[in-house]
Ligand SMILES: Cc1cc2nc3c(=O)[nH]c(=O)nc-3n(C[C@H](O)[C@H](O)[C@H](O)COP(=O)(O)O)c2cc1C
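Let's start with one chain on its own, the form predicted alone, as structure tokens.
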């Protein structure tokens, strides 16, 4: 049996295990909102930094574009950014800039510009 529901950090995972009696957990929306939720739960730590999330976005974009998924990339990334807003307030500016862009290459470039800005800080 597997338990799930409102698991957003290590404490939530422990509470779910205690209430359900299950040792195995399913993490749903939190996995879209916090890319390293499993690491947070297992290692009892906070979320990965925004700069690491930006790096993941660039890798996803490059992979999708190389694999011919460029038609789907803009909408997929925008959906992901929308989820990320819950855990990362930094996403707000990027989301506002890319939500009107329809071209996959332009979105990848916008994310790369944000990554450069973050690395300068």
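Values in this document were obtained by computation on a predicted structure and should not be read as measured data. Numbering follows the first chain given and starts at 1.
Although not depicted, the form predicted together with this ligand is the subject of the following passage.
Is residue 40 close enough to touch this ligand in the predicted complex, meaning at least one heavy atom pair within 4.5 Å? No - in the predicted complex, heavy atoms of residue 40 and this ligand never come within 4.5 Å of each other.
Find out whether any non-hydrogen atom of residue 26 is located within 4.5 angstroms of this ligand in the predicted complex, and reply yes or no. Yes.
Given that this ligand is not shown alongside this chain, does residue 70 nevertheless sit within 4.5 Å of it in the predicted complex, heavy atom to heavy atom? Taking the distances in the predicted complex, the answer for residue 70 is no, it never comes within 4.5 Å of this ligand.
Are any of the heavy atoms in residue 48 no more than 4.5 Å from a heavy atom of this ligand in the predicted complex? Flag for residue 48 set to no.
Establish, in the predicted complex, whether 62, 80 and 108 all lie within 4.5 Å of this ligand, using non-hydrogen atoms for the distance. Checked in the predicted complex: no contact with this ligand for any of the three.
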